[in-house]
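Below you'll find only one chain, the form predicted alone, shown as structure tokens.
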Amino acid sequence: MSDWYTTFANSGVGSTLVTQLGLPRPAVLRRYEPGQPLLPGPAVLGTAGEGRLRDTVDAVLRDAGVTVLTADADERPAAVVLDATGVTGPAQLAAAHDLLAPAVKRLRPTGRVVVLGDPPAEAGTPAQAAARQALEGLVRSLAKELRGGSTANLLLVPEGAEASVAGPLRFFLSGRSAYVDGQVLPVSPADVPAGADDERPLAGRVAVVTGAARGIGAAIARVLSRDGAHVVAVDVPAAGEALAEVANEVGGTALQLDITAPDAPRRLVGHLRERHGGVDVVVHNAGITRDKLLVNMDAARWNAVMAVNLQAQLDLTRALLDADGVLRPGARVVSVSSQSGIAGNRGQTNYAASKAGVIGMVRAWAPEFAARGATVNAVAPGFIVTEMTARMPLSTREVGARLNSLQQGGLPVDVAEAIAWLAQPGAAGVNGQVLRVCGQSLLGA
């Protein structure tokens, strides 16, 4: 599946036609391929305020083979990184403008802008809090101004979390984050393993993916397998044939299981214990829609969506936490929420409620996971081009696909890349967070 308009607008005939008609021409995004460099060119690195992370950022870039430029260099950068940690008041934000304005003007297509700041909630004075919060407005607005498939994102790094920076920074700079734009991601102190394999960061790990027979779930299985994991692909018995095809394709294991069944937690735990000795990554992807206006929605529609999208995640995760030794040290649990759970959506009160519930669940469980040296996070996809969205009415589908800063629908692989990154050892400092994969949708926060 692909975004048909983006493909057409970048074809020979299509490019000429959209130019003549004055129509938008969405960029072909830079997506990750194994073996590609972190960036397709140099990066500008500068500071505003104390800039206590500059040396850390410089080391990440140079270790990845990226040439680091100063702000006044003539060469066009593939990325701009601003370390704005330590700003004490609004006056220091002038340095952010002085670095970003000329560098962004020269930014290559599909470039990356990453700003690093301190959490506003930990500021010591109102002026400091104002300057820190201002960075969010700057980044979200800049993301809407960028063109050519470029993105801008903000990392919030408290003192003591310096070791947690490298993984998120590499993600935001890489092709893995192609459809992640205008987002704010807090990190926290964590023990981040050294020497991870960038090509196969999940080698030797066992990963469970629910709803793996098709669409986003199948894409998640493929990307986790590509990154080295053995995938246990889970779906309902009715999808058995498609599930087996996915499992065979990725060299994994198929497990037919209705996750809403009373014995589903016991069966999953037993399978993982007996067949694999435990699990390292759990991806709660399975979900359904039963759309109706609330006043026309019967109890069966409401209850079915809640059972699959939310209650099953609660039950399966609780069972894994309680089963001694099954959830291995350093485990990663990633739940699929939705933009609808953040912004709401007409005719989807049940779906939006379930997906908002996922966000609440992840945030509440974060301390328990942190105590185990594990993490639990969520991704919230926006409009993703799938077989399901292809069946939507044309006008509804096109509005949904274009109402974001990148002017196109995302692909299942975009969601899969974000999940696979959160599953990596290098994402240890990201816990209890919700990462939107939506191209900076104009809907919601």
Partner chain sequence: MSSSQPRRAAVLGGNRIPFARSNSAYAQASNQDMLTATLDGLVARFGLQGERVGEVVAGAVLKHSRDFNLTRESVLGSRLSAATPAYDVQQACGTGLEAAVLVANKIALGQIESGIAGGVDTTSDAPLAVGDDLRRALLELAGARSVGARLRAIARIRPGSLVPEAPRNAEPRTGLAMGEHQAITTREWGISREDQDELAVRSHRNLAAAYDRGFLDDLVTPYLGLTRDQNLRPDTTVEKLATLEPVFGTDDPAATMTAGNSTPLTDGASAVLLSSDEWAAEHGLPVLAHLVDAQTAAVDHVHGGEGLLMAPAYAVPVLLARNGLTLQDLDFYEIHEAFAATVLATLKAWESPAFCEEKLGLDAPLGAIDRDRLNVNGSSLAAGHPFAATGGRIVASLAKQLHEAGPGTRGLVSICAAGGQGVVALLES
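Positions refer to the first chain, counted from 1. What you see is a predicted model, and the numbers here were worked out from it, not measured in a lab.
One more form of this protein exists, namely the form predicted together with the partner chain; it is left out here, but the text below deals with it.
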Options 244-252, 359-367, 218-226, 330-338; stretch whose heavy atom lies within 4.5 Å of the partner chain in the predicted bound form | 244-252
Among Gly124, Gly160, Gly240, Pro90, which has any heavy atom within 4.5 Å of the partner chain in the predicted bound form?
-> Gly240
Report the residue, out of Arg275, Arg346, Arg318, Lys144, that has at least one non-hydrogen atom within 4.5 angstroms of the partner chain in the predicted bound form.
-> Arg275
Does Arg267 reach the partner chain in the predicted bound form, with heavy atoms at most 4.5 Å apart?
-> yes
Is there a non-hydrogen atom of Gln256 within 4.5 angstroms of a non-hydrogen atom of the partner chain in the predicted bound form?
-> yes
